[in-house]
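Coming up is one lone chain in structure tokens, specifically the form predicted on its own.
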Amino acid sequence: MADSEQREGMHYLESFPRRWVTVYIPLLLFLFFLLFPFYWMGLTAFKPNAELLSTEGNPFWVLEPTLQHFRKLFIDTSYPSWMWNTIIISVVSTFLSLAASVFAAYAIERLRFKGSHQLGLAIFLAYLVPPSILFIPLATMIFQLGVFDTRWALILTYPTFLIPFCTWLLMGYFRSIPFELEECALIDGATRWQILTRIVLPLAVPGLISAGIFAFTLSWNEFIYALTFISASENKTVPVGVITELVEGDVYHWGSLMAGALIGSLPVAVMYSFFVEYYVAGMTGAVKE
């Protein structure tokens, strides 16, 4: 009995340092490199200009915190309008993309027709086309529709890169739902619409949340289309407005830039923190097959 307890104690002493080397230290390093940019953004946002330009003192700490950069951001720029535009564009384009992706993914996975799998692959390959190639023909269409320099210019163009990936993601998740459930519903006289709304979608909530988070994040951070199709300051989004309005020639307003980036990243970070479990479940269900 004593020998077994001694062996267990020795095993613990041997495994504990190994656990630090193989698990804890790598996780701490990962967290440091992951969180340090946010720490630096917050540090710069609250530093006065005198400390930002000074070569003395501790660069990793704030001696005299200030809110002047946030004051400049909200008073001297149209940042509230940028934030509101970003929210509206991201929410509407995410909703439209999810609606189209649900119908496309369900049709490809559940409705038997020739070439369905090839069509699904083609939809995903459309996501790989770089936006730098597409924005030129899209600009012509935006001008012809008469929505240039409006929110609709981005709401109508963002689904071009959101729908392909969301469709591919939901295809994988719909594939993980047993088909026997739908067969039983068809035998009981349910329509395809009833099956989709009452059986498939309730079971696919993690996949829908995962696709929605992905679409919302891409819409929130998109830069090329927002820079090309929007010119008025009050219609810009946060990524474009912060870069174009707070950089004057070779003068960078670093405090306000970091304050705008910090505030702009908070909604996405909060959303991920609330739905991270559903996001992981959705991604797992989509790729496990």
Partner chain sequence: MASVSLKHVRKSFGRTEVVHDVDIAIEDGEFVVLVGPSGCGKSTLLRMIAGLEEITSGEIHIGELLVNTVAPKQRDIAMVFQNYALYPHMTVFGNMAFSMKLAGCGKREQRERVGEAARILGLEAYLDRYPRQLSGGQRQRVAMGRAIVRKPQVFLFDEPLSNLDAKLRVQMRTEIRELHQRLKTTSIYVTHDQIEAMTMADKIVVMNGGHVEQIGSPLELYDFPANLFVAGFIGSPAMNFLDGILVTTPMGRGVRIAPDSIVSIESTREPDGRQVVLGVRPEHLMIKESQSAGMAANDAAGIEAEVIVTEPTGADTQIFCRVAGKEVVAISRQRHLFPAATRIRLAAQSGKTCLFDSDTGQRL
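Positions refer to the first chain, counted from 1. A quick note: this is a predicted structure, and the numbers were derived from the prediction, not measured.
The discussion below concerns the form predicted together with its partner chain, not included here.
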Would you please decide whether residue 181 lies within 4.5 angstroms of its partner chain in the model of the complex, comparing each non-hydrogen atom pair?
yes
How about residue 75 - does it come within 4.5 Å of its partner chain in the model of the complex, if we only consider non-hydrogen atoms?
no
So, in the model of the complex, is residue 118 in contact with its partner chain at a 4.5 angstroms heavy atom limit?
no
Would you check, heavy atoms only and a 4.5 Å threshold, whether residue 188 touches its partner chain in the model of the complex?
yes
What residues in 190-205 sit within 4.5 Å of its partner chain in the model of the complex, counting heavy atoms only?
190, 191, 194, 198, 199, 202, 203
